[in-house]
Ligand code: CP
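Below you will find one chain, with nothing else, as structure tokens; this is the form predicted alone, and questions on how it binds or moves follow later.
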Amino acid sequence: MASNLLSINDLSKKEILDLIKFADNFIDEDGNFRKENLFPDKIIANVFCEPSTRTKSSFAIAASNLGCSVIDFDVDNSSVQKGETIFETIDALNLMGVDLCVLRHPESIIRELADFLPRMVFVNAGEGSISHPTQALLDIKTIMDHKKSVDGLNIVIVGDLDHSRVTSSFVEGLTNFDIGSLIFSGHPEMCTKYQNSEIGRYEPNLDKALENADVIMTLRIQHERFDKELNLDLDTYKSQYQLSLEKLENAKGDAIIMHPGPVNYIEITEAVYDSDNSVIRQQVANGVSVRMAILSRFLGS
């Protein structure tokens, strides 16, 4: 296994499946996360240069559950605000003895940082609109919890695909499996990167896209994009692309509905979120066990 987790492509299919299986060890028979004092001598720095609730909190909880010391790095009150580069900032943390850096950054810099500081372990917690490998791992785990295998499944991804690092890493992860089909759906102006994809097919009509779907991944729509970039009316968008109970009838009866969060109810209705098909809350919970597995593997290697 590589010394850093920078991209889902850094992992083989076996490594992906091993990590997912390993994550199950951190959940007890009552569904609670185990607290194991495995790494009391390790220091983890959570360096988030963009807002985050689920990813940041789950990494902090995962590290704490493993006995690590956790530094919650506050960019707004750091020397970054005085003109220090992120390279200088993380080098300072490295010199202070930080063992592993969990990094979210709006730019594609994590690989360059890993080369710059080879003695520090890096885990990518979201890089621009490019990648989010730990989210892909917990998404694949959530699918396998309900469907046993990813192979043979018909998967639909709908929403603002162009601005989604979740989509990028999820699609990269799916290339390891023999899926039945992959369909991209959403407003054409939000899916320009996926209209000629080699791995999946673009279908602008959501009702058609959902036919025979086993897994439906919905993605957050940003209110501000309607105001600033797109000549779109929100109500018109919802009528065409919001996942409602009525639209869900096009999918298989046991289809699972996923969403990386936060949900703002443009992309799905509250009734769909609360439905038996929804596994969105389980995705959040899986974030802790998967990240415990990731931290254990990369701290122990």
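Throughout, we count residues from 1 along the sequence that is shown. Keep in mind the model is a prediction, meaning the values are calculated, not measured.
We do not show the form predicted in complex with the named molecule, though everything after this point is about it.
- Screening N250, Q240, S52, S69 for any heavy atom within 4.5 Å of the named molecule in the model of the complex leaves a single hit, S52.
- With the named molecule omitted here, the record of contacts in the model of the complex names 53-61 of 29-37, 270-278, 53-61, 232-240, defined by a heavy atom within 4.5 Å.
- Proximity of Q135 to the named molecule in the model of the complex falls within the 4.5 Å heavy atom cutoff.
- In the model of the complex, the named molecule lies farther than 4.5 Å from every heavy atom of K141.
- H187 falls outside the set of residues with a heavy atom inside 4.5 Å of the named molecule in the model of the complex.
- Taking a 4.5 Å heavy atom cutoff to the named molecule in the model of the complex, the one contacting residue in 87-110 is R104.
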